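Look below for two forms of one protein chain, each set out as C-alpha cells: first structure 1, then structure 2.
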Structure 1
C-alpha cells in the first residue's frame, strides 16, 4: 500500500482524499527537523507540509523513493525546488485556495476605514461616547484602485463593483478587465484617480520598495491605503509619515517585512499606535474555509499526479495535462536535451509497441514526456527507458500498473 505523510496539522479532508485513493496516511500535528524528517520518510511516497517544514536537498537526496511533495499553503520557499526537480520529485501548492478570504478581508477593511470604525471602537472601549459623521463615508460610488490584477485583485474587483464602487486597476501585464473595471496605463494614473488604493502584486524581487513616499505623495488627499500582498513592497516609514500628516486618511496592513516567527512573539513596527490604521498578523488568507480548500486542492493534485502523471499547476515540473488512460502509460522526466523523444519512441518501437498518444512539455532544464502505448509495458522496455542517460525519473501508470 503506498504511503503518505502529512505534517503540520493539515486539514483532515486531505487524509480523506488520499485514503480514498488507496494511501495509508500518517498525519502529525507538528513540523519535523531535517534528521527526523528523513527518518519519518522511510517508505513514504507522498509528503504533505505547510510552511514550517524545510524540504532540503539533503532530505531529497536521502529519500530517492519520494514521488511528490504537497505544500498545503501558497508559498514554496521552504522547499528546495531545484533539488526536487533534479530528484524527479513533483511539488504542488494551492495558489488560489485562499483568494476569496483575502478579498473578503480587504472589502471589510475598506468599509471599516471609510467609516473610521477602528477609532470609534477604541474610543467607546475607552469609555468615550464620540458620535459624529465627520470623516465617515459610504464606499458606494468611490473609486477603488487595484494594483496587481491577478487572482486576488480581479476577484476584489468583482466584489467591490457589486458594492457600488468604481474600479480601476494597474497591472504589468495586459489583463482582462472584469465587469466595468477600467485599466490604467500607469501606476501614476491610478494613484491620481483612486480614492482607495490597494496593493495585490506578487512577491517578485523587483517589487521591493514598490510603494513609498513618492507614491503616497501622488495619491489624492485623504485617500485610504491597503497592503495585503507582501511586506517588502511597502515603505512603512513613508506610510507612517503620510498618516501622521493627514494626507492618507486610513490604512490597513496585513503583511510586514519582518514578521515574528512564533505565536506570541513581540511585534515591532513603526505603524503601531497610529490612528485609523488596522494592523493584522498576516491573516488575510487564514480562514477555515481556505484551509479546507487547500487540503482538498493539494491532495487532489497529488492523487492526479500519481494516478495519471498529470502535472497541472506543479511549481517545479513541466506542465502536462492528462486524463486517465485505458492503455498502459509511462512518464519520463528527463534532462531537456535534443533527441530524447526520438530515443524513447525508438525503444518503444523496438519492443513491437505502438504509441497511442504522447505529450511532451519542457521547463528550463527538464522535459516531461508522457506516452500511452497499445499493449502492456514489458519490464525490459521499462528498464531500457530508465537507463537512458537523460532519464531523471520513470513512472508507470495505467490499468496494468501495479
Structure 2
C-alpha cells in the first residue's frame, strides 16, 4: 500500500480521506526536526504538515520517491518550494479554509482591546473590583487600518464595516476595495489615519522586519495593534517599548518568531506580562470548523493529484485542471525548454499510440504536460519518456500495462 505521514495533529478527516483512497496513514501529534523527519519518510509517498515542520532540500533529497507535500495551513514558507519543484514534488496548501476563523478572532480582539477587558479580567481574578469606563471605547466609528488585503484582510474589512468601523487598507498589489473600504497609497498614510492597525501579510522573505519602531512611531497615540500574520514581520522589542511608553494602548499577537515545538513547552517573549496585551499560541485558524475544512481540502488535493495528475492550487508546479480518464494517462514534469512536447508526442507515435487528450502548462523553470493515450502504456515508452534529458518526474495514471 502507498503510505502517507501526517504530522502536527492534523484533523482526522484527512486520515479518512487518504485511507479511503488506499493509503496507509500514520499520524503524529508533534512536529519533527530534520533528522527525525528524514528517518520517518522512509517508504512514505505523501507528507502532511502544518507550520512547524521544516521541509528542507535535504529532507527532499532523502526521499526521492516522495510525490507530494500537503501544508495543512495557509503558509508554505516552512517548505523549500524551489527544491520541491526541482525534485518533482507537488506542494498544496489551504489558502481559504481558515479565513473566517482568523477574521472572527481579529474582530474579537479588537473589541476586547478597545474595552480593556484583559485588564478588567486580570483585576477581578486578582480580587480587585475595578468598575470603570476609563480607557474603554466602542469600536463603532473608529478607523481600522488593514495591512495586507488578501483573503483574510478583505473579509475582515467586510465584517468590521458591518460593525460600524471605517476601513482603510494598504497592499503592495492592486486589490478591489470591498464595501466602503478605502485604499491607502502608502503604509505611512495608513499608519497616520488608522486608530487600530492589523497585519495580514504573507510569509514572503521581503516582509521580514516589516513593522518596527519607525512604524509604531507613525501610528496615532493610544492606537491598538494586532499581528495575526507571521511572527518575523514584527519587531517585538519595539512593540514592548511602545506599550510601556503608552503610545500604543493595546496589542494582540498570535504569531512569534520562535514558537515552541510541542504542547506544554515553555514560551518566552518580551511581551509577557504587559498591560492590555493579548498573547495567543498561534491559534488564529485553530477552530474545529477550520481544521476540519483544512483537513478535507488539502487531503482532497493530494488524492486528486496522485489519482489524476491535477495540480489545481499547487503552490510550486504549473496549474493543470484535470478529471478522471478511462484511458491511460501519464504526466511529465520537465524543464521549461522548447521542443519537449514535440519529443513526447513523437515517442508516443513511435509506439503506435494516439493522443486522446493533452494539456501543457508552464510556470517559471518548469513545464507540466499531461497526456491521455488510446491504449495501455508500454514499458518501453515510459522508460523513453523518463529518459528525456528535460524530464524531472514521470507519473503514470490509469490501467497498468500488462
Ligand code: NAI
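Numbering follows the first chain given and starts at 1. Quick caveat: nothing in here was measured; it's all calculated off a predicted structure.
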field: Chain form predicted alone: structure number out of two
entry: 2
- request: Single out the hinge among 158, 96, 267, 34, the place where one rigid part of the chain pivots against the other between the two structures.
  value: 96
message: Please report the angle, in degrees, through which the smaller rigid segment swings against the bigger one between the two structures.
response: 20
